[in-house]
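Let's start with one chain on its own, the form predicted alone, as structure tokens.
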């Protein structure tokens, strides 16, 4: 079975579940959820089988516009994992999500993530900007529905409108950039663009303008400054599973495209290479600061995680601006992938704890976390480790991700960006550990009942927590996986 067949299976399953709900409304939510989660789990198992003999598993008609290098396979597996976690989290949140939907039905919450996953997997393998655009719109349009899905919530409707308007604007900017790139380079494929930029006779000003619009359009997708203003409001208004998907899945999808684009723009002897690096350093530094500093004043943990997401996007942009890191054995694309792999368990774990508190009548304010360690020692410890990892505490996964970024900045002598990154990290320690302090503080209100966790919830919480610790203590296996695309990229650069 080919990887493309698995992706098509997910998209068809998502459409089938939508049709079943439309024409057979008596089907229970539990059946829809089981089909969605079971189908994604099956796709994940089949993916590891198909990936073992890639790229031969790619059908011939897909090869002109798709590729299956090691980086693409990594991100495809990444998207399957986060989709499975989001579907499970949606099932856990169903009791309170149903209160905000029409007739309490959640079919779209179980079917649209499958279509989003297929679109993100196609983005990871795209070889040209047309394929990127089509897959990106498939993902974005699905998110328009998911963000505003809680129709009875004014915050969700507001978030949906903001995301729709700004998303449509960013799409226009992206298409404008694609048009300029095609007009100046004569190609829409990443390989063709890289070959054109390596020629000294190409007109520099128009191709630089096209690259700037292209990066601006993609900057919205990854919440890069100055296109990050939508994040806190959308994250706060969207349902928790959707916020999780946006924070991890959508960000990773945007960065895999951004990685391919930057690799093409920064090819050896590129006429716009220095300008693109400078732009990435400026945007990355601004993104770190505009994500970290406002987070200091946040009282809502959900909004805090939104600003945190902006800050982490800044670190990833700074990593993209750096060349190969000999000390980590990875290129910038490998470092970005490693950072996202560490970002997944700690972010998902944070939203899982938020969801459990909501299910037990709690809120999203920092004050609602007071006494969590007493009410549920498992959740208290897990949330503490997740927040410490987001801050970059040593012996956690987040520390290793930030370490590789800082080492790359030092190796390239980007001292200004390094100072901004250090300021962001210092601010992060303040607002993350302020929440940790609340978790281990006594409750101000009368003692609440202990939180009861299901077996699957406990298992997922423990697995995510162990993933944070294992990646922090022993990151070598993941480095070795990501070193393969680094070697390929180094050869292609020469």
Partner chain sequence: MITLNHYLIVSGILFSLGLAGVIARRNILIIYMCLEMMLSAANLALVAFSRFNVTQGLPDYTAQALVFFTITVAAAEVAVGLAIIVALYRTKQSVEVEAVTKLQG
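Positions refer to the first chain, counted from 1. Small disclaimer: the values here were computed from a predicted structure and weren't measured.
We do not show the form predicted together with its partner chain, though everything after this point is about it.
With the partner removed from view, the residue among 91, 358, 303, 375 that has a non-hydrogen atom within 4.5 Å of its partner chain in the model of the complex turns out to be 303. Among the residues 254, 113, 241, 237, the one placing a heavy atom within 4.5 Å of its partner chain in the model of the complex is 237. In plain terms, the part of the chain that comes close to its partner chain in the model of the complex, with a heavy atom within 4.5 Å, is 172-180 out of 339-347, 74-82, 172-180, 245-253. At the 4.5 Å threshold, heavy atoms of residue 148 reach its partner chain in the model of the complex.
In the model of the complex, residue 198 stays away from its partner chain, with no heavy atom inside 4.5 Å. The closest non-hydrogen atom of residue 96 lies beyond 4.5 Å of its partner chain in the model of the complex. Its partner chain is not drawn, but in the model of the complex it has a heavy atom within 4.5 Å of residue 298. Not one of 321, 323 and 417 is positioned with any heavy atom within 4.5 Å of its partner chain in the model of the complex. Residues from 152-168 that approach its partner chain in the model of the complex with a non-hydrogen atom closer than or equal to 4.5 Å are 154, 155, 157, 158, 159, 160, 161, 162, 164, 165, 168, in the order they occur in the chain.
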